[in-house]
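Heads up, the chain shows up twice below as structure tokens, two forms, tagged structure 1 and structure 2.
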Structure 1
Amino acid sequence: MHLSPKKQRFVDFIRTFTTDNDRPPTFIEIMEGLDIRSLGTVNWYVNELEKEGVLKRMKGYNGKRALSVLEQKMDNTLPLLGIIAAGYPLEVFENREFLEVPPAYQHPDNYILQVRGDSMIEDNIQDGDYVIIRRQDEANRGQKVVAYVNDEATLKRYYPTDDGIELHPRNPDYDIIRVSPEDDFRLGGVVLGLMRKYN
């Protein structure tokens, strides 16, 4: 079952909140967390998702109605946003696809990119592989990251230095990218996992 982006965001919020707090959110918490203007709108989403068999209202420990995400009814999918190739702008897909991932990778900040090229071959990331990325703008030293340098996207290992940043390939045929303070640089996220399709 594919949900609309707004419904998916609603379900993702409930799932993440429940995981982080060991309890489902109240309608008020959903309203505030998703910047929804009225409780009636929250109630509409819950009713619709109940009809679709994605959410279930259950009696909570304090007598109030609690929400439960019915995992078996959900597609464990993430959006495939585009292709990343060393030294090129990110090729973004107009028609977004969704790929199935293990439940542990389900998170509203996660997405998938397909890899072109062999600059990370020593990390066992091959041409055609799919990498699962968590959106964040910071990374630890040595982490595999998606980075944008002067509008070109690249997948490399991240090493901050005293006077900038170094992005290290994992293939001796490729040069280290040295990012200076004058460069336009941002992180698109860190690599969480890898998927490979065998034909």
Structure 2
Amino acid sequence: MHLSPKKQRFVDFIRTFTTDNDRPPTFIEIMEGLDIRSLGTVNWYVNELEKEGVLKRMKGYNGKRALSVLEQKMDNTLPLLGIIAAGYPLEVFENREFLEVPPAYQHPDNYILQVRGDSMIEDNIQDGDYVIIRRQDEANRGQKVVAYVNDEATLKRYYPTDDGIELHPRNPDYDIIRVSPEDDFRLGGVVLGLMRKYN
């Protein structure tokens, strides 16, 4: 992400100030350090850079006051949390790996699972595929979701019913899972996309 020279100068100042003083600068310190004459201008920069994902306002960092600025990096990766297989608990990786994704998927609530098995074969999701998940606890009817039922994780289609939830596999060899209120149910997220690597 290339910044304009002025914006670049702005974040550079924050970076060096922060390492020099062990705390981020206040708006006024930025103003003086960069020869800006208005707080509005400083504020404009912070807003812009926040929109662009370069800066982030943090709570309670600064000496006297609460909000301040801090850097964040974009590396186009998402955590590969583990392997999901129909009928088994989610196998979570110990040493977290990261996988590169198209930048648009970069989001703190997104993560990746690798699919094991063929329970979704009719949706053309095959063994070894990587699915990109958005962590959220609601879904639309028919969406593909990661669901946890009684400690078992599955990738299924989501169909709410009058008295519970149905989770449909996309493979005739597997049964529909009917979730009743007494089951322990949790939505892990919805599937945003899929990536497959050939070699």
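For the two forms, the rigid core is made up of the largest set of C-alpha atoms that agree within 1.5 Å on superposition. No experiment lies behind these values; they were computed from the predicted model shown. Numbering for residues begins at 1 and runs along the sequence of structure 1.
Here the chain taken from the form predicted alone appears as structure 1, while structure 2 comes from elsewhere. Comparing the forms between the two structures, the C-alpha position of residue 139 differs by less than 2 angstroms, with the core used for superposition.
Taking the rigid core as fixed, one finds a CA shift for residue 163 smaller than 2 Å between the two structures. Fitting the two forms on the rigid core leaves the C-alpha of residue 189 displaced by under 2 angstroms between the two structures.
We note a C-alpha movement of 12.7 Å at residue 28 between the two structures, with the rigid core held in register.
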